[in-house]
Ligand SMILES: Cc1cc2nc3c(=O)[nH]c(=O)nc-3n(C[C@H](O)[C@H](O)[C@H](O)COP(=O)(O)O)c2cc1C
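Have a look below at one chain only, the form predicted on its own, in structure tokens format.
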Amino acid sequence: MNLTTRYMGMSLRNPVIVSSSGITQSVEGIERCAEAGAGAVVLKSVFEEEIQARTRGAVESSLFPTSFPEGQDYVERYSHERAFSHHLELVRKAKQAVPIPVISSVHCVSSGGWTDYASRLQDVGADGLELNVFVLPTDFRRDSRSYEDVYFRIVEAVRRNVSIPIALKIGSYFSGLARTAVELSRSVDALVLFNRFYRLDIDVEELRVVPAEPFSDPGESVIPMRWISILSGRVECDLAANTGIHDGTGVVKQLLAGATAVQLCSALYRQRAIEYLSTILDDVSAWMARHGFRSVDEFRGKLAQENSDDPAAHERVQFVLQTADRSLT
């Protein structure tokens, strides 16, 4: 079967991408992904906030007294550069180690950070950038447009400073997701749906807030699948599905909905094997053979809303019981 795909203008041997995670934070992990058949990898995100925290720690523990600002500035610059250099070196080594596209992921908290990090990652050879943007709309004083403008400003600033392809990884917290996605698609090469935010839970015995399960489960894939099916053919960029894809069937569903590519990592953690990627790809090929498809392009978007005989089914938000009554006994 021909699984080749074009994503963000790059040629991929298949549409399955290992998403930003601990798996892709080392050259060894990246090599194993490539050997297992990944079409591309997204490197572990560069978090500016984490780098800033390391820099502050270095300054606080330095021997320079705070009364010498020149010394403090030196320590800050040195510590920041040392922390960021790890990511630059990872890109360099990954590009030498694997024949598949290497995409850098960036999350910043300052406007200057986005452009500086993006430019330098491009300079060391990243094939593309994934801007990992998430703004939880919790400020009661801000309206929806002010939140959306953050995404547009970031994309515009990065686009002015780099020439490599840009993907924007977003969450679903928009008051008008469809329109926002269409507008954003005019400025990026791909939209990744959706960002998997840190999730919280409550320990009812200890009476405290605790982290929730970090890995996705297959049931979560229906959210990106719905939106990809609605947006397919209506946006001006590629669409990548993310969250809840755990097997070959999950990949096929997203492609049928209209995804250009599919990102996953929780499946590999749950299986405790990066090599599980090859099983996923074999299952996709077997499905294609059973249904007479010779290439991914032959069925991509076949069940998108724009090609559906029942487009309203993609937007239905209420359950309709198919039986007159159901007994609980």
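Just count from 1 along the sequence shown to find any residue number. A quick note: this is a predicted structure, and the numbers were derived from the prediction, not measured.
In what follows, reference is made to the form predicted in complex with the named molecule, a form of this protein that is not presented.
Interface residue remark: Lys169 is counted as part of the site for the named molecule in the model of the complex, having a heavy atom within 4.5 Å. Using a 4.5 angstroms limit between non-hydrogen atoms, Phe215 touches the named molecule in the model of the complex. Of the heavy atoms in Ser229, none are within 4.5 Å of the named molecule in the model of the complex.
Within 4.5 Å of some heavy atom of the named molecule in the model of the complex lies at least one heavy atom of Asn132. For the options Cys265, Ile30, Ala261, Ala40, the one in contact with the named molecule in the model of the complex, meaning a heavy atom within 4.5 Å, is Cys265. Only one of 84-92, 194-202, 250-258, 134-142 lies within 4.5 Å of the named molecule in the model of the complex by heavy atoms, and it is 194-202. Contacts to the named molecule in the model of the complex (heavy atom within 4.5 Å) from stretch 14-29: Ser19, Ser20, Ser21, Gly22.
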